[in-house]
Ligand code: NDP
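Below you'll find only one chain, the form predicted on its own, shown as structure tokens.
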């Protein structure tokens, strides 16, 4: 077995795109810490991915738990090289039916927790002199208007702005910050949503030049690249992995 070259954190790593990123990291010999709320999902992921995968259960919306989480990881592994901010929640609701609580819940998970975790990880990267890589996960919702997902759209637009601001401030210190904007990816969640709405599925595929949904592993491959030395001169980029959806008509 390869000696782990890097230590990575993947939030929401127990399922979907997060699990696919963790799987690609492990295949690349990266010791990958998966963070999530569901212990069962984390344990199943660990079973699937083997000894380079390590579950750390944490509810990232409990902001007081984040410094403790990062401290525990540093105490055990000495440093953190890569952070993938993948955990996020969505909600489909008519604009006028979205409550203040609904909106705040999504902003808390998708923006505030991302900021707080990134800040704590960056502190450790700077302290240890690590040439780090942070990868945020955005969405097509930030590229153009999609109805009934106002809070999610606001959160992902914030993530893209934060990516640029973080990259500008942190890159001179040796920490690259990039973002992946997945298109229509065939996860359980998206397949269920699109298959129950044939009109929306036809619209999505009709403007995707490659004519099919992506796979979670496509996002994993992009993340491995952005975390690697092959991307050492890339920072502040929003990379659509979408079969051309964002440029299709």
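None of these values were measured; they are calculated from a predicted model. Numbering follows the first chain given and starts at 1.
Quick note: we don't show the form predicted together with this ligand, though the next part is all about it.
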Contact flag, residue 37 vs this ligand in the predicted bound form, heavy atom cut 4.5 Å:
yes
Could you confirm whether residue 132 comes within 4.5 Å of this ligand in the predicted bound form, counting heavy atoms only?
no
With the partner left out of view, is residue 117 within 4.5 angstroms of this ligand in the predicted bound form by any non-hydrogen atom?
no
Report yes if any heavy atom of residue 109 sits within 4.5 Å of a heavy atom of this ligand in the predicted bound form; otherwise report no.
yes
Of these, 57-65, 200-208, 44-52, 23-31, which stretch puts a heavy atom within 4.5 angstroms of this ligand in the predicted bound form?
57-65
Assess the spot marked by 89, 183 and 189: is this ligand within 4.5 Å of a heavy atom from every one of these residues in the predicted bound form?
yes
With this ligand taken in the predicted bound form, which residues across 133-159 come within 4.5 angstroms through any non-hydrogen atom?
137, 138, 139, 152, 156
